[in-house]
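Just one chain follows, in the form predicted alone, and it is written as structure tokens.
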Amino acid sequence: MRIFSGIQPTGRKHLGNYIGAIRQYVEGQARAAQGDGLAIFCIVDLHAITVAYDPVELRERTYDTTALLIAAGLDPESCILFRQSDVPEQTELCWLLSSVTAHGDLNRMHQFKEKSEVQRELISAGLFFYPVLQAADVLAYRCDEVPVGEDQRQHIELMRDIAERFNARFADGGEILVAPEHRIPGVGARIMDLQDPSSKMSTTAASEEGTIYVLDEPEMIKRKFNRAVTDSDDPPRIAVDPAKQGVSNLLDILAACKGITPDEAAAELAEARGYGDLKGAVSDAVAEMLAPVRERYEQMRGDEAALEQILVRGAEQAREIAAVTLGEVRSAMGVGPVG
């Protein structure tokens, strides 16, 4: 089994990032090792430049993200961890794959529509083309599985279409590119804003008070959960219910922390006195889960030379794999010299 996923080095990573993606990376690394497979993870800095950004902050956030991933459990000795811009094979493959990507498919991407609506100045072509580069990121490594959050499902479906269209046109009945499967967590795939449970917790769009950051101190975590929106039911009813978005979101978070289902989390709180007990239980579980990550992050973030060395070594390993795929794609498409 070969696993790949990428994460943007933008903003502070929040609880939704951790539960929906980062924790999946660590689990994927373990599963790949057990099955004699390979886990590959990429800091996608080229994706980050498709919207307005600060160059100095981008470099800082790249190191922040690298340190956080390692603090969360990624082991550079057990996986490949690298920076996207250090592997030019992915960007060339992106251009080659554009020839088998339909403009209409890109025009239907939900994330492009959502992000373009909030751009105050330039809506870049890069933002429109984002899913093709994302497809190249994954297809370069012939991965079987991509751990992602629920919001990336459409992009995985597109990269499968691209791989299948390429193989049908250029592989002469073979399989040069592998159409990957997504892996979306059954619990916690979509963590919502604590102040607006109808909106997803987000790096950029969510409220500060409604967002739990991975590096938040326990007291901050407690304060934010204490202020979380629930509902006005009297008496309070702790249950998973589409009509109870705030309560359901808290139960999803508690369940993800404890490795149980939301209904089981609700059952554990059957004797609770009210929503205060629910908020306290979620706050304690989240603080306990994130504490070791925060501690390890603080230990390693200051050594940027070591972090850079990890990224450079990972890029060397990634390029060896991506170069083989790119060579076969170029040959099949008649691009460049023969052989």
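The shown structure was predicted, so the numbers you read here are calculated from the model rather than taken from an experiment. Just count from 1 along the sequence shown to find any residue number.
From this point on, the text means the form predicted in complex with tryptophanyl-5'AMP, which you will not see here.
Contact between residue 188 and tryptophanyl-5'AMP in the predicted bound form is found at the 4.5 Å heavy atom cutoff.
Proximity of residue 21 to tryptophanyl-5'AMP in the predicted bound form falls within the 4.5 Å heavy atom cutoff.
For residue 130, a non-hydrogen atom is located within 4.5 Å of tryptophanyl-5'AMP in the predicted bound form, even though that partner is not displayed. Residue contact with tryptophanyl-5'AMP in the predicted bound form: residue 200 places a heavy atom within 4.5 Å of it. Remark: of stretches 97-105, 74-82, 168-176, 138-146, the one touching tryptophanyl-5'AMP in the predicted bound form is 138-146 (heavy atom within 4.5 Å). Of the residues 290, 69, 44, 310, just one reaches tryptophanyl-5'AMP in the predicted bound form with a heavy atom at 4.5 Å or closer; this is 44.
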